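Below you'll find only one chain, the form predicted alone, shown as structure tokens.
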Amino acid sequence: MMQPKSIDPISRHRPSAELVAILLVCALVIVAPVLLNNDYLLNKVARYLVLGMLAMSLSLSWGYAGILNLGQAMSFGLGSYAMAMTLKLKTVPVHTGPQGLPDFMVWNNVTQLPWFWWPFESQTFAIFAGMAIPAAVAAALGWFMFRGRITGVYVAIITLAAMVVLNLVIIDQQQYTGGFNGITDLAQLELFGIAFDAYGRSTYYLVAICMTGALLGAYAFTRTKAGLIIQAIRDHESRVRYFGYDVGAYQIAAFALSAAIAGLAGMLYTIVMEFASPTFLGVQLSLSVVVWCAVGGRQSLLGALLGAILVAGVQGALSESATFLETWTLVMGGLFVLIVLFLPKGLAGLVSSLWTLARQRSFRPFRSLHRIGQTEGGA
């Protein structure tokens, strides 16, 4: 009589291990204000969490869908400017010109509010647009690339070029966007009667809740049928197409979802930093996000998030240290090279390997007993 196939105890626990780690990190983030009784540190941690969200959004595109987006900061910047525009229109009169015009428009002899600023008088529209506009731009760009079956390095070049073009447009149209200076002197965000001060706990909790929701939502998406198909496309695109799936549609969906999360992170970054700048959609930030993903592990949402927090935190500490004031960029570059050479799957890959090894050793006695029971049953 055929024996039923035994279930490997390691494989049963493997899917839940990542979820448990995510929940533990989210819980730690929520209780952090209890440990950090300092408004400046709270603001700094909130900023790192937002950057972690940005890295996590790239992990969804690059690690799970196999789409290396070198222009991820474009979605981040669009979300940032959407929030800055609505908060600028709510500033006190001393920071605006006649009829509520933003100050930089007055300085550039603009006499009336441009038509594309009108919708941002509604804060609800701005919050929606902060995610919808990046997603729409990404979907349009994705339709052009993936319907044309553009892959690999060409996708990276196109996304980088699109971001550079948008950055130049924002800088050039100073009378409408603030140019190099960006949009400054913003009002505080108010939702449901709560004012979100950049250095207050309310803003930190807003960031923490949004980060938790985005991380859990992205994790849930990767476990759906669509998420599994996207990962299959990453591993073998032609085989998935052979089975009749619309590969381009799935790639566009993953690309747009990644952009929407990045747009949400951009809106939160404007709230935390209290301004929007062209640097938020610059080449330096966009390439930094790729580095953060590589360090944390691009095929792990949590790894990418923690990689961004770790790298940004170490970078901040070194740049503020008198010892490494002139050499911190060299130190960071050296660390990145070492991680790429010896940890190609990032820190998440190292943790996963150690976890697997520990589980194998812990379950070895149970496997031995199982084999003995099979032998006695057969006898």
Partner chain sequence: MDQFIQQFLTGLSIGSILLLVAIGLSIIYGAMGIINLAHGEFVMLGAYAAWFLQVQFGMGLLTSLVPIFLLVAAFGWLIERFVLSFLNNRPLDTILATWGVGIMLQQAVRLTAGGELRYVKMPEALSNSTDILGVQISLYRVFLLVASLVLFAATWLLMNRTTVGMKLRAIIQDRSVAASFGVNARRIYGLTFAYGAGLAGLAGALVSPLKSVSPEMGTGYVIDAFMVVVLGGVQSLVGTVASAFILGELSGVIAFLQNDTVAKAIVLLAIVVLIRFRPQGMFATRVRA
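Keep in mind it's a predicted model, so treat the numbers as computed, not measured. Numbering follows the first chain given and starts at 1.
There is another form of this protein, the form predicted together with its partner chain, and it is not shown here; the text below is about that form.
Stretch-level contact check against its partner chain in the predicted bound form with heavy atoms at 4.5 Å: of 25 to 33, 62 to 70, 41 to 49, 346 to 354, the positive one is 62 to 70. Interface residue among K90, R201, R147, R241 relative to its partner chain in the predicted bound form, by the heavy atom within 4.5 Å criterion: R147. With the partner omitted from this view, the residue of L228, A195, A220, V169 that lies near its partner chain in the predicted bound form is V169 [heavy atom within 4.5 Å]. Within 4.5 Å of its partner chain in the predicted bound form, a heavy atom is found for all three of V153, A162 and E326. Taking non-hydrogen atoms only, V110 never approaches its partner chain to within 4.5 angstroms in the predicted bound form. Proximity of A317 to its partner chain in the predicted bound form: non-hydrogen atoms within 4.5 Å are absent; the residue sits far from the partner. Interface residue remark: A132 is not counted as part of the site for its partner chain in the predicted bound form, having no heavy atom within 4.5 Å. Proximity of Y245 to its partner chain in the predicted bound form falls outside the 4.5 Å heavy atom cutoff. Using a 4.5 Å cut-off on any heavy atom, none of the residues of 248 to 263 reaches its partner chain in the predicted bound form.
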